Each structure stands twice: as structure tokens, then as C-alpha cells.
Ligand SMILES: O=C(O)CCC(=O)C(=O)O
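Coming up is one lone chain in C-alpha cells, specifically the form predicted on its own.
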């Protein structure tokens, strides 16, 4: 728990992550979970030729108003602004769900390996728990200070129980140095894209539901190839390299589904050029 933004930012700069930031009340986080599960019940077939899991894992804010609205919430942005500054864009909004008793895990990795953004510091992932994300439920664990190095080598394991697309993993991580990041419903963690992190199986009897919002500043694309799409959420966008989107017209609106496909194709080309190890984000991508 942090008394001030200054102490939170200091911890983030030192460790590459912070955990336990209160964002939503227990009541509101339960209501948000109910909205997510209503989407699952009502739109199980997906839309526009994509299944619902695709939208949950990649660019859901383009076609799902709930996810776009959450990325704009001032309760989240106040803390993110303290870390990144006043001009903020939401690059991706994703849902990560592990079913109760699931053996699925996520190996040690760095997010930014796959983003085509180079080794920038101008980004952060805000991860908000919509259920009890305990150690038993497979919360994230982090390696303090690992963000201060560059992008590490990842090797492919193709483990069937690894949620990463190729089971890619950083070898030689000292688990004894790892710090667990459990979150109560409505709490948030922040982590740097170069911070080594992983998560375990969900050994609890409830779903483990998390919302991940990838925020960046306009300057990200000053040192990255090509262009990319993002949704401005605070301040202004004074730098080039971004194609800005306003958010969805409605749930799975046809025009937004067409935009979604254009973004998917454009990002696939950019990320294929910028990523290491030939990782294909859209065959599974990164997970927390």
C-alpha cells in the first residue's frame, strides 16, 4: 500500500512493478465481472468471424465499449499519469481468465518482447483484478529490478500447459528472488514491459479474472518502426507515428469490426518486424 504517488513511483522505478493499488470497490469489481460474464453468455459465438476469446485477448477496446470505457477510468489514469506523465494512450485492453482448477501457467517472460516498440520505458501495464487473484489462484510473480536490463533471450518450449503462444520462456530465473503479486477484487498492479513476470496454475475453486490495459505515451513511436493504433485517454498526442481511434460505436458495430481487422493486419506486420524469436501475437500472444 502506498500513501502517495511519489512513493508508488519510486517503488515502480526501483522494482519494475507495484501491487495492491486500490482502484474499484468490491461491489463495483463484482459488477464489472458480471458484465464480462454476461458478454460470455450472450456472445459466445463471437462476431465478425472472430471468437469472443480473440476480442478478449487482442484489441477488445476497438469493438467492446465496456473495455474502452474501463481504459478511460480516472481511478486508473491518476496512477498511470504519475508514472508516465500527462499524455496517455491505451494501446491494448485485454481480459485474462483462468478457469478454476486450470493447470495452465505462464512462463517467465517480458511483455515488450512482442510489441514492436523496442526497449522503451514509455509504457506500463495496468492489471486489475475482477476476482480474488490470490497466490492459490495463480497470481503474477515478478523479478524485482529485471526491467533495468534489455530484452532477454526467450526460448520456445511449446508446453501444452503454457498459455504463451510458443511456450516461450526466459531461462535461468532464480525463483527464490521472485515476489508474488496477489490482488483482491478491485486492486491493481502496474508492471514495466521489460519486467520478468510469470504466473501459476489456478488452484482455487473460482475463476481468476484480470483486466490488463497497456498504456503508452505518444513518444513510444519515436523509437519504434512503422505506425500503430491507439486510443488517446488523457492529455494530447503531440508526436507522430500513431493512428488514433475514438473507441467503438457500439458492441461489435460493423464499422468497428472492419477497423478491428485492419488494425489486426497492420499490427501483425509491425510486430513481426519488431519482435524477437518470430513470435506471433495473434496465435495466442502473451498472458498474465
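Positions refer to the first chain, counted from 1. Values in this document were obtained by computation on a predicted structure and should not be read as measured data.
Only in words, not in the display: the form predicted together with this ligand, which the text now covers.
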query	finding
Answer range among 95-103, 68-76, 180-188, 82-90 for contact with this ligand, defined in the predicted complex as heavy atoms within 4.5 Å	95-103
Touches this ligand in the predicted complex: residue 109 (any heavy atom, 4.5 Å)	yes
Residue 212 within 4.5 Å of this ligand in the predicted complex, heavy atoms	yes
Residue contact check: residue 199 to this ligand in the predicted complex, 4.5 Å heavy atom	yes
In the predicted complex, residue 130 touching this ligand (heavy atom, 4.5 Å)	no
Listed residue (113, 217, 125, 146) with a non-hydrogen atom within 4.5 angstroms of this ligand in the predicted complex	125
